[in-house]
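In structure tokens, the next block holds one chain alone, the form predicted alone.
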């Protein structure tokens, strides 16, 4: 059954919750409604289920206006599974699912053998048959959610509305519930509309998505059209990387750190990272999150650490892909190092192409700059130079400070930079007193 939403507006008093929403849901589609808290998602679902009546606009199910359905007709057409699946009453699972047959019973009419058969099928489809004699209050959250979907299926609906069906569930139950819902949509032809918080789950399972912001539709369509870095930043105020799922190609969202903007009057502590081969991405993120001014180099274009630096908008010395560090890039690297208050040598793989990065670390140490050598996995063989790289690394360790875990590194950097700041303040006071 198709659903058409036309110019829906809903207000609480003078506060407009939904603002002129219009879109169409094709029969048998699984559509996800996404958006931040307070954007109007649950209100929209309540309007769609006729719990709330819109201030303006209309909803059409099939060829009939929603308001024209009798209560019993609507219950036979549409089923709703809300967020709250808790029950304070001692009903068995079978009794709860049997409640879904209420729209088909007359006053004082008892359930027939046919009704019990429909309940049996609903329990079987949802994997709840073994729970039928258990009390609903004895079940886990995921089990209760499946039972509520079984009750909805017992209504034999053409439309299923779900309000955050996976909230508070662990990843195993989330997959179980959404696998079930997707199967109902695909094989039974049930039109599904679900409010979802998890963007990755929404993009993975839904045929189409509707992105809501402050009661308006910002985007709707295929997941690849809706889940974009631009849309997510605009709606959620969060920087993300959107990349294809490695197997199925659906968009997957990964968080990126927020950007720290250096004001014209503020001088941030400068830390330089020598990384490569995926050894420095986490360091860059953590140090940026801590408010440091971070630079990096020399990194090959396309290297995962180069991608991380670019995503964080860090100044970075770049070299051509699959090329050794050139003398030109090396000199640029040394100039960048001279401005740093501390240098961190990450646990990089050692190859003939990046030995100049070790030489740069040695020169920084010789110039009096603190060089921290991070080595969390000393047993790991990462020298591919026949010993030349290991020899240079030993020299850097002798001139620098060996660190065996990131937490230790972050504490050491904070302590050093606090000490530097205190010495700078003391020097300024001394100079001021002398000139006075």
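Residue numbers count along the first chain shown, from 1. The model shown is predicted, which means the values in this text are computed figures rather than measured ones.
One more form of this protein exists, namely the form predicted together with a small molecule; it is left out here, but the text below deals with it.
Trainee: Quick one: does residue 40 come within 4.5 Å of the small molecule in the predicted bound form, counting heavy atoms only?
Mentor: Taking the distances in the predicted bound form, the answer for residue 40 is yes, it comes within 4.5 Å of the small molecule.
Trainee: In the predicted bound form, is there a heavy atom of the small molecule that lies within 4.5 Å of any heavy atom of residue 17, even though the partner is absent here?
Mentor: Taking the distances in the predicted bound form, the answer for residue 17 is yes, it comes within 4.5 Å of the small molecule.
Trainee: Please determine whether residue 28 contacts the small molecule in the predicted bound form, using a 4.5 Å cut-off between heavy atoms.
Mentor: Judged by the heavy-atom cut-off of 4.5 Å, residue 28 is well away from the small molecule in the predicted bound form.
Trainee: Verify the contact flag for residue 36: yes if a non-hydrogen atom of it lies within 4.5 Å of a non-hydrogen atom of the small molecule in the predicted bound form, no if not.
Mentor: Residue 36: contacts the small molecule in the predicted bound form.
Trainee: Taking the partner as it appears in the predicted bound form, which of 42-50, 407-415, 389-397, 363-371 has residues with heavy atoms within 4.5 Å of the small molecule?
Mentor: The contacting stretch here is 42-50.
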